[in-house]
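Here we start with a single chain on its own, the form predicted on its own, put down as structure tokens.
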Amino acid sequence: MVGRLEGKVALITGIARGQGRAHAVRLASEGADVVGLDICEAVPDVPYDPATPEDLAETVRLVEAAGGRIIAAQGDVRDADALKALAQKAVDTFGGLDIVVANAGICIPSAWDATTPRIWASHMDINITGVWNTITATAPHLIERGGGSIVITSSYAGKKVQPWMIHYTTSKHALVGMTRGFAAELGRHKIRVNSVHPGGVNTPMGSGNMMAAMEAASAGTEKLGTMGTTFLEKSWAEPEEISAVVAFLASDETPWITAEHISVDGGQQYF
């Protein structure tokens, strides 16, 4: 059976684990060749455990086990030249580029008055400029290919608010505007641009000192913690449930969906 992404090439950022790894495996299982990037090292102030080169190697193994071909590189989305080089390598190796999943991002819990300039700058540089770098590095190749699909990972926090993270909420709201802007300007090239908005997801972002950091940031405003309660029985998604939506948007089944912001949050944005 031919997969619905057969013959397509996808570039994904933040690929070493979590949602990025799940996206890579899902797109590969649908027939796509995959090119991926991950920093695989600690970012200052981030409280959860960083991805590692071993995590990246495991992603490679899983993609290959799913029947896919993959190029995986260690790199930083803040490095525009590295992204341009990776995009060119995708074209040179696999013949073109059709799908871009701008997934890499960070999340540091911090109340407004405890947020340092470095925490603020890290979110702007990685969560916003990193997505900008990813799209500007890859869009010319999609244009050359005659069209394609770009999927931006925003968040529940890009539609409502994530308490104790004004910096994170700001960055994820910015991606809504970026999605619309790129969709408007790239539409004439038959490129669709959409964002996905996960709520809580069962990934290593909850590891290390993340829960303690959330507790510390919420002190005195704990009642805000009821925001974002899901309507469904469970409180979070599995990464593969987000990947199903990414694969749908990447496929030819969605030729008339662009500039859209799709929530995969169990109803969290409405609570």
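Each residue number is its position in the shown sequence, starting from 1. What you see is a predicted model, and the numbers here were worked out from it, not measured in a lab.
Keep in mind that the form predicted in complex with a small molecule is not shown, yet the notes after this line are about it.
Student: Contact between Ile70 and the small molecule in the model of the complex at 4.5 Å, heavy atoms?
Tutor: Looking in the model of the complex, residue contacts with the small molecule do not include Ile70, since no heavy atom lies within 4.5 Å.
Student: Although the small molecule is absent from this view, report whether Ala247 comes within 4.5 Å of it in the model of the complex, heavy atoms only.
Tutor: Residue-level check for Ala247: no, no contact with the small molecule.
Student: Any chance Cys40 has a heavy atom within 4.5 Å of the small molecule in the model of the complex?
Tutor: Close contact exists here: in the model of the complex, Cys40 approaches the small molecule to within 4.5 Å, heavy atoms only.
Student: Would you check, heavy atoms only and a 4.5 Å threshold, whether Gly148 touches the small molecule in the model of the complex?
Tutor: Flag for Gly148 set to no.
Student: Considering the small molecule in the model of the complex, find the one stretch among 108-116, 187-195, 89-97, 149-157 with heavy atoms no farther than 4.5 Å from it.
Tutor: Heavy atoms within 4.5 Å of the small molecule in the model of the complex occur in 149-157.
Student: Would you mind picking the one in Ile135, Ile126, Met165, Leu142 that has a heavy atom within 4.5 Å of the small molecule in the model of the complex?
Tutor: Selected option: Ile126.
Student: In the model of the complex, which of the listed residues (Arg180, Lys84, His173, Arg78) lies with a heavy atom within 4.5 Å of the small molecule?
Tutor: Exactly one listed residue reaches within 4.5 Å, namely Arg78.
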